[in-house]
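This document starts with one chain, in the form predicted alone, laid out as structure tokens.
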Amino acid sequence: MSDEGPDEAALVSLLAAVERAPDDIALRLLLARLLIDSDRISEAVSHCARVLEQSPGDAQAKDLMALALGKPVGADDSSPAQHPTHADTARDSISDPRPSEQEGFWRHAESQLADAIPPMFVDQPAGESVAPAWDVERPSVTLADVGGLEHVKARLNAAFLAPLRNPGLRRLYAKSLRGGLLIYGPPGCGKTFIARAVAGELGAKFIAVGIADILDIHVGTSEVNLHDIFQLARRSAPCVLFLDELDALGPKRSLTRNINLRTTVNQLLTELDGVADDNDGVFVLGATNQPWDIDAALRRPGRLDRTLLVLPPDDQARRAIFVHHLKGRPIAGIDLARCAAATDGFSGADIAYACEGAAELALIDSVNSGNPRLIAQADLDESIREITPSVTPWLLSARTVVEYGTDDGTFKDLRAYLKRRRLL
């Protein structure tokens, strides 16, 4: 690196690398340091904030953020005396007992925010981190932590939970526990969270499985992976086994030319039937965005024979999602009713993105003005205006299937929703 600042080609290469690997913290911090050296302060702050969102305790990210916020924006690098090197800064901070400009900035920020209006939301259970593949976890969340979506909870209770909670009545009515539940709907609407809440409701263990955990290019390995996962669930019973992206694990065999994928579907059917092993205490939940692409055999009685449609969050659920994603951030004057009304038709992921965008607007404004401020309603309004609901393409695709495809009644709830939205 020359005295004139980082080479522009290196910055371009690093920017491209970060786009390809957005979760690589070390790479993003290296980019932030080079951006600071190039006086591209706003960009550097944005990357530091992204790292602190992923890893709030990252010391290097905090140091770089302080360095960026304490450095004049757009200063002239032509005079070495005005901009000491990182080594000079470190040496001065040891030899000079006076507080640095960065420390003074953060003390000023803390004093301002200390007197600010505290977050107006009551404490709620902290969200859980997603466990690595094949790990067995015991969720603490329950359906009470799912905001709104009362029709979803009622359907879960009738089809799945009530028989499990009332073994005496189950025996009286000879209600079988065989079979599983297929959860479907547009992406980003909380299917995985609901599955985890079901496990918490039952006091059962939870295993989340995706296609990367099962599918393998080597012949026979996918089937072995499936069997091993079901065996783990049986040993962990009572256990909720969550199979995500089921349309990729169990596609229609009539439309599949790949012999390996066809045998994987056959293995999945065998495991669901529990022919060689007892599935007692193993509750299988499958999730998909494309239920019409799943092999019909998976939907037969005793397998994934019950369905649950999870749609974009209703008004109450949208308010709860805003509470969750704004909690812990400096906010003031947030009108939840206004936010919920403005995001009708948004997915939970869309709302989370809106909150992130509002935080970014406040952060950049604080950087430019030198005075940290709270996230306001205006920030949320602007962020929401910039977002197009991500569920719209899914709804249009679903409309085509419901309107022109063969429907055996499986999609009656979806048909009713499309009519309410005037898409049918």
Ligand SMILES: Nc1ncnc2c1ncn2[C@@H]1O[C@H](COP(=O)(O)OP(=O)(O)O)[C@@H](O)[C@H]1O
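Given the structure is predicted, the values throughout are model-derived calculations rather than measurements. Heads up: residue numbers just count along the shown sequence, starting at 1.
The next section is about a form of this same protein that is not shown, the form predicted together with the named molecule.
Looking at Thr192, you'd find a heavy atom of it within 4.5 angstroms of the named molecule in the predicted complex. Using a 4.5 angstroms threshold between heavy atoms, Asp145 counts as touching the named molecule in the predicted complex. With a 4.5 Å cutoff on heavy atoms, Pro291 does not count as touching the named molecule in the predicted complex; it lies far away.
In the predicted complex, none of the heavy atoms of Gly328 sits within 4.5 Å of a heavy atom of the named molecule. Heavy atoms within 4.5 Å of the named molecule in the predicted complex are found in one stretch of 331-339, 184-192, 217-225, 197-205, which is 184-192. Ala349 is the sole member of Ala248, Ala297, Ala349, Ala237 with a non-hydrogen atom lying within 4.5 angstroms of the named molecule in the predicted complex. When you look in the predicted complex, the only residue of Arg155, Arg262, Arg306, His324 with a non-hydrogen atom within 4.5 Å of the named molecule is His324.
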